[in-house]
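So this first bit is one chain, no partners, the form predicted alone, shown in structure tokens.
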Amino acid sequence: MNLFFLKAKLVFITFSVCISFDVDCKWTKHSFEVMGTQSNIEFEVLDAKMAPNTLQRVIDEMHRIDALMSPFKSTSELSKINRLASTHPVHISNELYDLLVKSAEFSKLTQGAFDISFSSVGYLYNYRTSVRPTEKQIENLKRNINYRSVQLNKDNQTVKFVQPLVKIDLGGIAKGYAVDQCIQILKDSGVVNAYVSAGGDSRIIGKKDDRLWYIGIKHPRDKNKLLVNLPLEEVSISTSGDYERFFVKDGVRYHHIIDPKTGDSARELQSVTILAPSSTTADALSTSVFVLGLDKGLKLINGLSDISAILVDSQGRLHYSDDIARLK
């Protein structure tokens, strides 16, 4: 997979709304808030008359997945699971069941570094109000963080929690899944060249005006800088960082990427960027590698085909997976 050349010049990609859909407006661009983050859509118009409808279908898909998988919406199917699955098996939709199966596969691959039951403790963190659970709360609840406690029954298509205080959250995979779904909608509509992002998760197909797309990796400690801007095509890219949702208390940074072993924020890295064939995979692996840390994270990625990684350690130093290091 020819992913990128690291010596490219820095180029910023900006997003705007393409108001006109006449034949002179080749590209449709739109930004909006969904799933607790900003989403961007950009695609080349093949049929100007179809552009508004295609754009709306992508927007609707993002909101549909948010309504299905948000842990913050009481009406979501995920919230229903969290309310009921500790008392009895809960029958769920094909779509959510399949994503829970996929999540379990990533948990096994990463030896538990990816674990959707992190929310058993994680729900007590409030990054907007700088609130964290007490050490006693963490100690009492972290035993419920165990992906094996989320039992899936294929025959009945149900989910059941083995422990009574288990909670799950798909924040490490749902946005990537949503991006993949939106790209598929664009492909089904005949779109060849497109970019879709949701927060730190992006996927591109084709090219941008006969050139590669340029996707920037944010500097984890300076929001006005990029670490690198990557020329890419036909790839997904996901960045997980300790700067996305966080607060600092008594000199300690608390952020949303929870280490399942401790119930506390993982702190060996500042950011992880994964390049992969699908956004679902990139999203899950960026979270996993952040939790695993530098050495274990690179070992995992170097053992996988068609996956690349750029890591920033706690001191701000860059590290690369073997395939990228060979290009330098």
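As the structure is a computational prediction, the values presented were derived from the model and not from experiment. We number the residues from 1 along the sequence you see.
Another form, the form predicted in complex with a small molecule, is not on view; read the next lines as being about it.
- The small molecule in the predicted bound form comes within 4.5 Å of no heavy atom belonging to residue 263.
- Contact check for residue 96: every heavy atom lies farther than 4.5 Å from the small molecule in the predicted bound form.
- Of the heavy atoms in residue 113, some are within 4.5 Å of the small molecule in the predicted bound form.
- Interface residue remark: residue 121 is not counted as part of the site for the small molecule in the predicted bound form, having no heavy atom within 4.5 Å.
- The stretch in contact with the small molecule in the predicted bound form, judged by heavy atoms within 4.5 Å, is 254 to 262, chosen from 134 to 142, 178 to 186, 254 to 262, 213 to 221.
- Interface residue among 102, 245, 207, 160, judged by heavy atoms within 4.5 Å of the small molecule in the predicted bound form: 245.
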